[in-house]
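Coming up is one lone chain in structure tokens, specifically the form predicted alone.
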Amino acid sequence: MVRHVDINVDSGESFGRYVLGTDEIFNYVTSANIACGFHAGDPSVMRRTVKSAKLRGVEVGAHPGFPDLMGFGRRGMEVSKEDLINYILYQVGALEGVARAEGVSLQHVKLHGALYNMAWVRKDYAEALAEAVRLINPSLIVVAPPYSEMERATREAGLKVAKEFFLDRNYLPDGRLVPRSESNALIRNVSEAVERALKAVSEGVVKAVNGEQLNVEVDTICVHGDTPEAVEMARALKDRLIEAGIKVSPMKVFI
């Protein structure tokens, strides 16, 4: 049986006069998580990014975050479950409208930044995500970390989930990501990141920062679009996966 894996990238995160990332990376990924205006992005960037993804055959998903342009959505916020459902509905709905104008259907939803990290372990935030997706379009795939509250809530809601691995981030012994405030949060060495991801896909393990081996399940691999080496990493990752006999496909093909 051929093993499939998706490569996703956080994208469309420019806004106004601020430019972040490059659509060149769409040549090497299969899914794009497009910012919806709360943590980054704006209507013009959203539409331009959808067009660019469509041109390259990249599937499109919504990338909702906290309403925090100043902090790029990387600062935690305390909001009610109902408000969080509405935040996600608002953002996914906005991108869905833009995508429809370009003849594109959304494939997935992936939370951004602090919202992703909080929903990883918080039952209320995870359930808000699942409820919002169920309400707007239950055929959408939810991108979530394996063994997380997000995965649990998504499955309990009867929704599809794609389990995610992070190419350019280090892991703590508890399976979560090393906070970006720590000096060892990011992996900048391309070959190290790629070989680590290949091992996660083929063997289901990754080494935590303390040297401990963690079990992982991988349907999709994230490349952060704002990482300086992002394009080089995505290109090398795709080549290495194909070389290893792993088929790189959009998540909707096998989820």
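Heads up: residue numbers just count along the shown sequence, starting at 1. A quick note: this is a predicted structure, and the numbers were derived from the prediction, not measured.
One more form of this protein exists, namely the form predicted in complex with another copy of the chain; it is left out here, but the text below deals with it.
Within 4.5 Å of another copy of the chain in the model of the complex, a heavy atom is found for all three of E13, M70 and A101. Taking non-hydrogen atoms only, S191 never approaches another copy of the chain to within 4.5 angstroms in the model of the complex. Contact annotation for C222: none of its heavy atoms lies within 4.5 Å of another copy of the chain in the model of the complex. The closest non-hydrogen atom of L20 lies within 4.5 Å of another copy of the chain in the model of the complex. Proximity of Y87 to another copy of the chain in the model of the complex falls within the 4.5 Å heavy atom cutoff.
Though another copy of the chain is absent from this view, in the model of the complex it lies within 4.5 Å of a heavy atom of just one residue from D124, D83, D174, E156, which is D83. Picking from 53-61, 207-215, 183-191, 30-38 the stretch near another copy of the chain in the model of the complex, with a 4.5 Å limit on heavy atoms, gives 30-38. For the partner-free chain shown, F72, R74, R75, G76, M77, E78, V79, E82, D83, I85, N86, Y87, L89, Y90, G93, A94, E96, G97, V98 of 71-98 come within 4.5 angstroms of another copy of the chain in the model of the complex, judged by any non-hydrogen atom.
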